[in-house]
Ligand SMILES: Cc1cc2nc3c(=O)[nH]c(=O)nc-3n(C[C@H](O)[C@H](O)[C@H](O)COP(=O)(O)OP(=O)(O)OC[C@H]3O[C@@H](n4cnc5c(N)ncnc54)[C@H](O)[C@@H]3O)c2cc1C
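One chain comes next, on its own, written out as structure tokens in the form predicted on its own.
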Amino acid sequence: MLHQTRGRITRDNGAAIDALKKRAAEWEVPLTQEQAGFCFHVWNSKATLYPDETGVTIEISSPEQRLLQTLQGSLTELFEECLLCPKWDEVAEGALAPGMSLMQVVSVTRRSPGFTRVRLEGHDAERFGGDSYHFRLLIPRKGRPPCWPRIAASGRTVWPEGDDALHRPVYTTVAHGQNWLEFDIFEHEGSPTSTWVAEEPVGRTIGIIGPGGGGCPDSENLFLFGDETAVPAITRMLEEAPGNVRAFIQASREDLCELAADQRVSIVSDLLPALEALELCEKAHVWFAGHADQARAARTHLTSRGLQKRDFTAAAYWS
């Protein structure tokens, strides 16, 4: 089923098109010019701008309602930055933010010295177990009733601010079934999520939003590099990789749990020297995740070795 909506900007069509071109260049996503309009492709969705003498018509289509609403909100924000206010035929005013679900915490289990596994239950949990690994956990401030992000009349998503602001870390779905999902928290000092899980949140309602982010690269040879924060994603890729896979992990053996006995896993003391020592082969993809500084250094190193953007992933999982 294809979900669709239309909007209209009644002045300055040139500014709207210029803004869309700039955003496409920033995001490195396709923007094509057709006979009657300009097409913007992102998130498996499509937005087309049709300029005329009095303004521009916007048409959005997407295979999922949440992606349609996400793109609608993103375009609204983009055009409002240019002092243009699109009027949409349909807006889900007052609804929860696109892709957001309310879940109940049903269990918290210590898996290792550093990792705790949390199980959530909710009627649409299964959609978080697909090819997109990640979601945002929405944690209200302690002692305050939750105030969730909702869609405004303009089509934008409005997030709570001030005392009602939410902590919004990203986590990886590590297991899922009918109406439940699980994720692992690497506990460390100064982490608001670590504080939250120590408060025994079983029985509380929590928000999650997504899914999003990447999944397992489709490559004959996959090389994975990551620290503790990347262990959940690496665990899934070791299970799902279609070809040969090796993992180099900066973590204690105790925190690797079942991965410690996996012959494809090597424990390293420093990710960057391990990456620099990697012997590349044909039809390979290198996946790297860790501190933002390390991710930048990995990106620079891999580019210097001649890898194209399609041949590697370098993600900042924390900073």
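Counting begins at 1, following the sequence as shown. Quantities reported herein were computed from a predicted structural model and do not represent experimental measurements.
The discussion below concerns the form predicted in complex with the named molecule, not included here.
What is the one choice in P113, G130, G243, P192 with a heavy atom within 4.5 Å of the named molecule in the predicted complex? None of the other options qualify; the answer is P192.
Given that the named molecule is left out here, which of R119, H167, R236, R156 has a heavy atom within 4.5 Å of it in the predicted complex? Checked against the cut-off, the match is H167.
Whether T5, H41 and S62 all lie within 4.5 angstroms of the named molecule in the predicted complex by heavy atom: Contact check failed for every one of T5, H41 and S62.
Exactly one stretch in 216-224, 245-253, 104-112, 192-200 has heavy atoms within 4.5 Å of the named molecule in the predicted complex; which is it? Answer to the contact question: 192-200.
With a cut-off of 4.5 Å between heavy atoms, is A97 one of the residues that contacts the named molecule in the predicted complex? Taking the distances in the predicted complex, the answer for A97 is no, it never comes within 4.5 Å of the named molecule.
Is it the case that P232, even though its partner is missing from this view, gets within 4.5 Å of the named molecule in the predicted complex, heavy atoms only? Because a heavy atom of P232 falls inside 4.5 Å of the named molecule in the predicted complex, the answer is yes.
Could you tell me if H134 has a non-hydrogen atom within 4.5 Å of the named molecule in the predicted complex? Yes, H134 lies within 4.5 Å of the named molecule in the predicted complex.
Any non-hydrogen atom of T76 within 4.5 angstroms of the named molecule in the predicted complex: Result no; T76 lies far from the named molecule in the predicted complex.
Contacts with the named molecule in the predicted complex - residues in 77-100 whose heavy atoms fall within 4.5 Å: Heavy-atom contacts within 4.5 Å come from no residue here.
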